[in-house]
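One chain comes next, on its own, written as structure tokens: the form predicted on its own.
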Amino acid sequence: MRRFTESDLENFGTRCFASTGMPLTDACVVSRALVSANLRGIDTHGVARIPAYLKRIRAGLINPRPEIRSSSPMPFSTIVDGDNAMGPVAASIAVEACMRAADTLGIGAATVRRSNHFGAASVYTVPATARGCVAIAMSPGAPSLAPHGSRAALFGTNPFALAVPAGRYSPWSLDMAASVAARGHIRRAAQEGRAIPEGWALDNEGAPTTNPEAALRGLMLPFAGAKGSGIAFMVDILAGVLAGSGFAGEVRDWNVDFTGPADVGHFFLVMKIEAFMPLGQFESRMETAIGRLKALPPAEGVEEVTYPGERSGSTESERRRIGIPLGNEVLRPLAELAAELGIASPSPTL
């Protein structure tokens, strides 16, 4: 593993995306979203995705210069038509619209249609906590998860994120897939040539497997059976059915399906805490809640009781200080891309 500064990785990503004719501001937005995931330790959704994103742009399946349109049927709501834009570009417009509505009305909601993979969902929720808000983000994926009771895929792993300010603590941040494990973790295991744990996936014949390649050809399993399946369906409804984008098996797999645009949708909700109680009072109550949790005795084999977002917050602080670690499985494709584009590869600090 070698370490890189966030600014160097952001600059590299921006140059890569700008090479497609993407406006520099949009290229910066996409690159920033990927590096933000790396900073928080969500490396499966970080700069490792650059080659795959560029592949779809070059195939004409993502519009690098979209004409994004927004409308507001009600003062608190926004509908964004992404015109097949990069996911982070369309998503950032929607989130900012939610923030503006929340600043004046206390709440803002937005749907996005005709978009693409937007990366890690918490990239869009955690920043809202600095503005005294609770934020929710979700987006459906291509069919890879078998609904409870089925042996065929219908939903994606359908990520769901919620972030809340927590006073002197790092923001409380839940970012989870509806599957036992995110599909990106299985793809990463395949790249590294290692097995995956039992219970994560089935092969294409419906048998349990620890082979990541077989899992990618097969089915993901929802966490907690019917409960995880229900959450996957909820994401599909809000960010697919309601958004006017692909739903119930219609989203294309952006890694392997090059027959047309992915048709991904997103849903965002932002609530101003001051609409319910003074922010300082809320943060004090959150500090009390987290303090009580952390005072609990750890279970056997557990070093410390933690809350959602605590480790990601610590990882972000550490990586801002000493750099973002990347292994050869990520660096090799990036170096090949740099040579192809005639740009400098990121320079390691260690």
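The numbering used is simple: start at 1 and walk along the sequence shown. Keep in mind that what you see is a predicted model, and the values were worked out from it rather than measured.
What follows is about the form predicted in complex with a further copy of the same chain, which we do not show.
S.K.: Looking at 153-161, 85-93, 192-200, 120-128, which stretch has residues with any non-hydrogen atom within 4.5 Å of a further copy of the same chain in the model of the complex?
M.R.: Contact-bearing stretch, as computed: 153-161.
S.K.: Answer yes or no: in the model of the complex, does a further copy of the same chain come within 4.5 Å of a heavy atom in every one of V134, V180 and V305?
M.R.: The answer is yes; V134, V180 and V305 each reach a further copy of the same chain.
S.K.: Under a 4.5 angstroms heavy atom criterion, identify the one residue in S77, N204, N211, N255 near a further copy of the same chain in the model of the complex.
M.R.: The option sitting close enough to the partner is S77.
S.K.: Contact between M99 and a further copy of the same chain in the model of the complex at 4.5 Å, heavy atoms?
M.R.: Taking the distances in the model of the complex, the answer for M99 is no, it never comes within 4.5 Å of a further copy of the same chain.
S.K.: May I ask you to check whether R292 falls inside a 4.5 Å heavy atom distance of a further copy of the same chain in the model of the complex?
M.R.: Yes - in the model of the complex, heavy atoms of R292 and a further copy of the same chain come within 4.5 Å of each other.
S.K.: Is G240 a contact residue for a further copy of the same chain in the model of the complex, using a 4.5 Å heavy atom cut-off?
M.R.: Although a further copy of the same chain is absent here, G240 would touch it in the model of the complex, with heavy atoms inside 4.5 Å.
S.K.: Within 4.5 Å, heavy atoms only: does R69 come near a further copy of the same chain in the model of the complex?
M.R.: Outside the cut-off, so no.
S.K.: Counting only non-hydrogen atoms and a 4.5 Å cut-off, give the residues of 201-228 close to a further copy of the same chain in the model of the complex.
M.R.: Result: F223, A224, K227.
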